[in-house]
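Just the one chain here, laid out as structure tokens, in the form predicted alone.
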Amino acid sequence: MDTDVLIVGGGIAGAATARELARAGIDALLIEQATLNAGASGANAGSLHAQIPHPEFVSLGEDWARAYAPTIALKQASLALWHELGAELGPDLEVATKGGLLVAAHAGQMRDIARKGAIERAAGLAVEMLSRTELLRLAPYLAEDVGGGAVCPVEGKANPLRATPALARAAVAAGARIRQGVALLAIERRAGGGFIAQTSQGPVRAGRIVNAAGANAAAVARMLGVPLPLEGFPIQVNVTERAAPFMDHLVYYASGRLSLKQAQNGTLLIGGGWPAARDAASGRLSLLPQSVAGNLAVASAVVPAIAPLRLVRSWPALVNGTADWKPVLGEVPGVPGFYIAVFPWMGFTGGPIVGRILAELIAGRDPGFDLRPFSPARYAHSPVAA
């Protein structure tokens, strides 16, 4: 299993990186401790985001939003790659970007949305304020008492059950190798450069390593004494029975956590980061009934047509998050050949651009972005978690 580049993690970032490296003629081996797409890449609600997240803007403020704003360029580039993937890998990815709507309940929230929109437009993102009348004309399925909102035309959705497997198949077709059921146990630096990764299936000698392990990325970094203040956060998602098509947009709500969209098959995917439960001893995830009820109540208040639909399924997922919400991308200072590929909170959106950037860096080419805001160097003086 020796390789030039060892990729740790079989989610969308890992699969995208494997595909990009293989297409560049670079030998790549991806290992996944469970099965491909078993984590957040396959368990998320399929939203493709571009905006600054509104709840965090309200709670963390404009200074945080301005520091976060460079991430917008990465998300926009990733959305463009999503369309390329849809054309190349087929319509099964269900890539559609009909716009994202941030809905306000009252005038105070409209002022918050306007402040956020100014920062987004300064970062190059098209965001347009909408009056109540304009919003209802664009989205007549919304509750009549909405107070207005904003539209971001580039946002949308894709199918999380199909995206990572399709990228993995494309990676293998281009020459990458993928091994599932292979747990990473330890990493040692070799005296002459490169690494030896101890795995459940034996040692792997690698010239370079890409840490694309999602919520487990901090544990992988810890094997080399690298600080990465990243945690796994349990959230949950709901899906309704099928309904006749009536909404094309990705919908958010300024008065409560909500991401809402209708899939191609007619089901409504309802999320927004509502918490799930995680057993401290086993790590097992489980649903919180109060989160199911709260999420559905918010969704029904914003889109009344959801209320009579039956809930088909709810499930938990573990997403990775950092305090500043910004991606962690690039080679770790002082550990040559060790790269981190993490796009916290919105990893499904960012997966394609993460793969492209990491492949460009490893190939010695300019990735086309100023990566200083996303460098692992910003954590150089953080403690390494025990």
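These numbers were taken from a predicted model, which means no experiment stands behind them. Residue numbers here begin at 1 and follow the sequence given.
Not on display, but discussed next: the form predicted together with a small molecule.
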Legend entry - Complete contact of V5, A22 and A174 with the small molecule in the predicted bound form (any heavy atom, 4.5 Å): no
Inset, instruction - Identify, from the list A40, A65, V332, A359, the residue with a heavy atom within 4.5 Å of the small molecule in the predicted bound form. - result: A40
Inset, instruction - With the small molecule left out of view, choose which of A293, A122, V312, A183 has a non-hydrogen atom within 4.5 angstroms of it in the predicted bound form. - result: A183
Inset, instruction - Can you check 165-173, 94-102, 297-305, 215-223 and let me know which stretch has heavy atoms within 4.5 Å of the small molecule in the predicted bound form? - result: 215-223
Inset, instruction - Mark G355 yes when one of its heavy atoms lies within 4.5 Å of a heavy atom of the small molecule in the predicted bound form, and no otherwise. - result: no
Inset, instruction - Evaluate A18 for contact with the small molecule in the predicted bound form, applying a 4.5 angstroms cut-off between non-hydrogen atoms, and reply yes or no. - result: no
Inset, instruction - Answer yes if any heavy atom of H49 is within 4.5 Å of a heavy atom of the small molecule in the predicted bound form; otherwise answer no. - result: yes
Inset, instruction - Report yes if any heavy atom of Y339 sits within 4.5 Å of a heavy atom of the small molecule in the predicted bound form; otherwise report no. - result: no
